[in-house]
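The chain below stands alone, shown as structure tokens; this is the form predicted alone.
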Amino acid sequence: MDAGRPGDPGNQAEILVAGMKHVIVGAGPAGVVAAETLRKLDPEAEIAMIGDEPEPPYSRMAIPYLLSDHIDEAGTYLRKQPGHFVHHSIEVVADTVASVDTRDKQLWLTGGGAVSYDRLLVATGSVPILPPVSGIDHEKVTNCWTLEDARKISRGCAPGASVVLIGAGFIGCIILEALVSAGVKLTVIEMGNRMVPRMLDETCGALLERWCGEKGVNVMTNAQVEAIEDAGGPVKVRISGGREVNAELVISAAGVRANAKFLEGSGVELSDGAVVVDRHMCSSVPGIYAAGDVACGRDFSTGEYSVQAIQPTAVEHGRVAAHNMANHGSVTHPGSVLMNILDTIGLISSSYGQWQGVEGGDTATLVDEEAFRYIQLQFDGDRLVGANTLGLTQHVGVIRGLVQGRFRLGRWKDRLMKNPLLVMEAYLAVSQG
């Protein structure tokens, strides 16, 4: 979308009004950072943050650490100091927004009543998708999305318990790590032809699958759950190919969708269920912004707009949105470098930027299958635009620097084509030259 659209701060010479009321729907990282940024920029404003769970604002990404007993529930909280939000005069409301009246600037709550706003930030994140499978609503089936889900999983994850995990994507693999730590007998079912198919190429995903197998995890790729049946205690999970597994607990990590259904009919433009925003994080309706997993944000590499469901992006979105909501200058979002780093039972994998490559681009690959080490670099001309790595922990941060810096590598491209491990030397040469 064009940054100069009607309704964004770049087009209006607005004056900050004393007593401005900012309402944030969503109490995750995007919402919390936005609320705190607004408080710094606008000390006199009224700020309310509406979250749909009874717990204090927390990080979903911390739930696996809770499951593996590395932290307690308080360790998942985004702000650890008691009274943090009261101290900053940020009202936290536990309720769900049913609908938005953009004409009268009101939110209607499912608990009853309405909340008015001057500026609104939608930071409601994602909600899990349940696969269309018979028996998916059985009491022994759960998501791993909320603290309440985590409590249910903890009750069903005694050492040696048989657990089935549906989905080996990014979220699924984070959960996998915690389940292995809990000592369960784990089966993972992934419909794609490899693990983490939206992050890793075929070679990298296959190596990760073999690694998990050697650690005692039964991974089935190119497989689908066809039904979940009550077996008088455990459940029977029927899998394509005539296979079946008995499980005391089934965890679904089959994907997510943007949590913006309450905006339907409001006039706010949606694309595949997510809020369409410009570079100011402003929606199609003036005064309404969106941030995080619910927003179609700008991709740094391509310039296109899409949902980028990673916490650093949510935080960036929230900060940019808050600046523009407070009329603190016209702040644009440069776009997020897509980056994922995953620890799967001690094996680190990562993806950066356009890791799948670009048309007409070159690829450099180095693999040591026995050592579970892999690096793949993607080039557009003599610029590095993306990468996959596995089993590499040194210097991988400079890959992001090379991608984000859009450096012309010159003769260093040929050197990286011959030896992709020279990324640090290449970065030092081109960034300081």
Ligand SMILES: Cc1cc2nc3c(=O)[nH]c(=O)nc-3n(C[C@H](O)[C@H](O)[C@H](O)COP(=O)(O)OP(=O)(O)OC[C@H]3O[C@@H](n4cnc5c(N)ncnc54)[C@H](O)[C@@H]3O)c2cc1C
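Model, not experiment: these values are computed from the prediction. Position 1 is the first residue in the sequence shown; the rest follow in order.
The same protein also has a form predicted in complex with the ligand, omitted here; what follows describes it.
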Legend entry - Contacting member of N218, T203, T96, T363, with respect to the ligand in the predicted complex [4.5 Å, heavy atom]: T96
Legend entry - Sole residue of N193, S240, N340, Q356 within 4.5 Å of the ligand in the predicted complex, by heavy atom: N340
Inset, instruction - Report yes if any heavy atom of V403 sits within 4.5 Å of a heavy atom of the ligand in the predicted complex; otherwise report no. - result: no
Inset, instruction - State yes or no: in the predicted complex, is some non-hydrogen atom of L384 no more than 4.5 angstroms from a non-hydrogen atom of the ligand? - result: no
Legend entry - 4.5 angstroms heavy atom contact with the ligand in the predicted complex for D52: yes
Inset, instruction - With heavy atoms only and a cut-off of 4.5 Å, decide whether T302 touches the ligand in the predicted complex. - result: no
Inset, instruction - Can you check 35-43, 370-378, 63-71, 395-403 and let me know which stretch has heavy atoms within 4.5 Å of the ligand in the predicted complex? - result: 63-71
Legend entry - Those residues of 120-150 which, in the predicted complex, come within 4.5 Å of the ligand by heavy atom: A123, T124, G125, S126, C144, W145
